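There is one chain below, alone, in structure tokens, taken in the form predicted on its own.
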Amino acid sequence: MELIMAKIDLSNISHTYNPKDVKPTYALNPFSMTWENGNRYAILGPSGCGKTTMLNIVSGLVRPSEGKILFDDKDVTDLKTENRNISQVFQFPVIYNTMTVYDNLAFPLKCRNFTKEKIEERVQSVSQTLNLSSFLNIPARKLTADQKQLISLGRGLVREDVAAVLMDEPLTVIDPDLKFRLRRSLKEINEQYKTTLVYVTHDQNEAMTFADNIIVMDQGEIVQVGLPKDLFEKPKTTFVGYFIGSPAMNLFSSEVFSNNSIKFNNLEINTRTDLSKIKNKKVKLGIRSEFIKIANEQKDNVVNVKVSRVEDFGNFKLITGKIGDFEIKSKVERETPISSENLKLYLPADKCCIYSEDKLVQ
């Protein structure tokens, strides 16, 4: 049975690995989501948050405790993996060591009775993309761990008829420079063949540079889905603010002062957020270090900071300072002179995010 996917629907999905317990622990709490055909998705989160469980449910390796999986509106919840028209690439290489690189790449096509001409065309194309052309006649067992992973990745990409490629941390054993080139190649493959790519990672840089949409998870919950820009500028929870970005978002315990301002460390900070309906006046102010600028004069939203550290990262400087008991970080251009232990920093009102009970106030 071959299915051509237009989209993948995860409908009211949840999963527990101990369903017979009186109070089962859920690896995935109930959620619904649609993956549109031809898009690139990254599932991002710390170890144990449920990323791989979600991927394995889509692939058919795990049957969800509750809910349905739909491929192009067809219920595939009980279909085996081989009948779902997908390719999988795992964290550790799954290849045939006794075969040559060429035969490993060709194997998925031979199993589906592709012509020799088509097999040759696809193997050559994929091997060029992955820099494996010079290894095609070498037995796979003689290659390094990262080269073997490239073969595994190539086997997932070699079929043009695949509607989705599911990748579980596929670049873990590959060096950083090659990782960058492979992510670019995957994006080019996605744009050329319109195959849905789903990429599981704990690395925010991999997710942000690869995906159209990022699914951020924490403890079995989907906490935010969105474009990299949205996750960075308007994280919906303090967890996303902390997990996305380097350094993490500045977060300050504060309290509501007026309908659109808060107070922390006895300083009033104006925002663009309507705070009039917040019942709990204890909130958190979040702002990215990239948005905090050095000010030359005292005005609204300017705070006085005692500089404790300045780090030069080559393309920017990171200032770490103190406001009372609070630590604040600001990224500035490398050429910016930091001539004093005392600085004025400006917090733009439109870049200030307010969190009530760790959730963004919209």
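Residue positions are given as counts along the sequence shown, with the first one as 1. If you're wondering where the values come from, they're calculated on a predicted model, not measured in any experiment.
Keep in mind the form predicted together with a small molecule is missing from the figure; the text below concerns it.
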Only one of these stretches, 39 to 47, 308 to 316, 322 to 330, 66 to 74, has heavy atoms within 4.5 Å of the small molecule in the model of the complex; which one is it? 39 to 47
Can you tell me whether residue 27 touches the small molecule? I mean in the model of the complex, with a 4.5 angstroms heavy atom cut-off. yes
Should residue 52 be counted as a contact of the small molecule in the model of the complex, where contact means heavy atoms within 4.5 Å? yes
